[in-house]
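The chain below stands alone and is given as structure tokens, in the form predicted alone.
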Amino acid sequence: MLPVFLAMNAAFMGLFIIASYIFLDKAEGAVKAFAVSPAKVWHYLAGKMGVVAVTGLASGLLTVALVAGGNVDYPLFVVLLLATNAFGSAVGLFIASFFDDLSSAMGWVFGSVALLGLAAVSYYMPSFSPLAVRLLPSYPMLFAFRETLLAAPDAGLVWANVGGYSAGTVVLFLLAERQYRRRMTA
């Protein structure tokens, strides 16, 4: 059960939290104030991702330490957790970049989390894993988290996931940054 918790809580909860942070800043006028500052938009977005990364890392490490104890490859786990957390945050940034408030984005945010959560069904019932579910980014994430909890993890599988989520993060972050920059100057 731990890989599902880690994927949904530590990795994809950032999707919801980061969107909430962005919309709170918009409602309080912080985004408008930021738009006239000399800082870059990507600084603002990276700062939001950093906050979510710290909370996701703390939550994930505490949970794994309490549940699995010392039977974890912690260095591999931390790298995977950071990569998946950044990916979830980038998805949240990207979705939030198209909306002006949380209520209008909520359907997309919750829909994305629900869709990504479908991979848990295949994780618990391996005989049910249609292609559509295996293509979800959360599907390989579950198995990568499981690997870090094994006595002899397949580091290659974990590093392949880290690379994939890192690349996805960069692409989504750049797309979100472009959208925020465009909307702030419009």
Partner chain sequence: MVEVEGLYHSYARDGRYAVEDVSFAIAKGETFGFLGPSGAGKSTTQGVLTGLLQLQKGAVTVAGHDMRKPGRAMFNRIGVSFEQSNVYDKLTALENLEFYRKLFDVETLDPMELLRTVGLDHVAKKKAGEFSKGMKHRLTFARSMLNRPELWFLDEPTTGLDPAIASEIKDIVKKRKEEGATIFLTTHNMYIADELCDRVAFIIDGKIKLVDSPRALKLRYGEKLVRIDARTEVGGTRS
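Quantities reported herein were computed from a predicted structural model and do not represent experimental measurements. Numbering follows the first chain given and starts at 1.
The protein also exists as the form predicted in complex with its partner chain; that form is not presented, and the subsequent description refers to it.
Not displayed here, its partner chain is kept clear of V54 by more than 4.5 Å at the level of heavy atoms in the predicted complex.
Within 4.5 Å of some heavy atom of its partner chain in the predicted complex lies at least one heavy atom of K40. Not displayed here, its partner chain is kept clear of W159 by more than 4.5 Å at the level of heavy atoms in the predicted complex.
At a distance threshold of 4.5 angstroms between non-hydrogen atoms, G29 is in contact with its partner chain in the predicted complex. A single residue from the set A35, A155, A65, A46 has any heavy atom within 4.5 angstroms of its partner chain in the predicted complex; that residue is A35.
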